[in-house]
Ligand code: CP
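Quick setup: one chain, the form predicted on its own, written in structure tokens, and binding and motion questions come after.
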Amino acid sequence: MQEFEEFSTLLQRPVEEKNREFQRQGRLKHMISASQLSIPLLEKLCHSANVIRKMSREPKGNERLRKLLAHKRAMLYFTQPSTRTFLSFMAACQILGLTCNEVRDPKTSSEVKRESRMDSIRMFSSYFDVIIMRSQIADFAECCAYLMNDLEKQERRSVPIINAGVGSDEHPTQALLDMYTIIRTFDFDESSESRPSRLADLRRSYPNLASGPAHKTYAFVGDIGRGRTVRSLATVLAQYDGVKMFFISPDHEVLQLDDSLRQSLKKSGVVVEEFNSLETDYQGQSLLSQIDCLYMTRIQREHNSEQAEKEIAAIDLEPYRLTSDRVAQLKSYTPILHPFPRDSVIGEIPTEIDSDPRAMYFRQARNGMWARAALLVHLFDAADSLHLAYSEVMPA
């Protein structure tokens, strides 16, 4: 876009080079891309999320959490429809005591008076300490981060930018909460002091099973080509050793795995396999029986052109729906995830699956609150204060 023309050269650089500009003294300055979520950073954020989760259960813990960032203010600039991401960020801010304001419709802002989006962002940075943004405009969050960096170099006010889903390629905080859910699930209670580990019992049926996200097979089902949640999560998982990824989508060019992600994953050493049905075999066995984590998605019809709508409407989506029989083929520990919303008409996950203990998608959505709170703590360099508060108010 012409509005972002001054940043065009910066946008074309390699990811590693760009990410260096989004860090400060070993921690994040802005959260723009899932590629910023290194394994060591994930471990720190997940640990903080666990601390926040535990403290929130106790009155004294809640009280201390509400004081942690009570001196900060957050702008939630969400001009693309959102329910879970908006509300979980709002809840995360409230847990930590941040004051929140929002703009959810640009028609209620000075953009109707032809103010540029970048001027709006700079105005928000005058009043707030963090800008959490969601937009359908590609590269918007990244350009805002560059604007803040330029202001910082000029010794002017600059605040963190959080990409809460911008454009079609990135949703890094969804990847964060997905990874938090996966890490907790594949912990198999190994870190719990209050109950025995499940891993020993599971190994009776799955002798090679180990805790952690590494050496697992992840299956992504549905709208792979346009799923920014799929792209972001796959990018993070590619860092782990021994990962396989199955991509299961209808035979249509807009729904299938795009070549840029395919090549990126293979370059990282990921084994990538593509299928056009859940009812298929892989290396002589049922595909479903070999999956360690199943990530379902809906067909994103809101992105269809008129022609694509006709073509996709004619596709039989039954091979991409879960049924009780299909769920029964999964391993006993395989979590079923979904970034939501699910399609109540197509029913890629029918409601009868909700009662299955492997159905983790509502817990996954709740985890967004804890994971995003941990991210805010990290961005404001308050992790030490969080852990000190935990040691002071939580029972030994």
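The numbering used is simple: start at 1 and walk along the sequence shown. This structure is a prediction, so every number in the text was calculated from the model and none was measured.
What comes next is about the form predicted together with phosphoric acid mono(formamide)ester, which does not appear here.
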item: Partner-proximal stretch of 93 to 101, 78 to 86, 123 to 131, 150 to 158 relative to phosphoric acid mono(formamide)ester in the predicted bound form, 4.5 angstroms, heavy atom; value: 78 to 86
item: Contact residue in the predicted bound form, chosen from 181, 297, 174, 235 - any heavy atom within 4.5 Å of phosphoric acid mono(formamide)ester; value: 174
item: Candidate from 341, 59, 40, 357 lying within 4.5 Å of phosphoric acid mono(formamide)ester in the predicted bound form - any heavy atom; value: 341
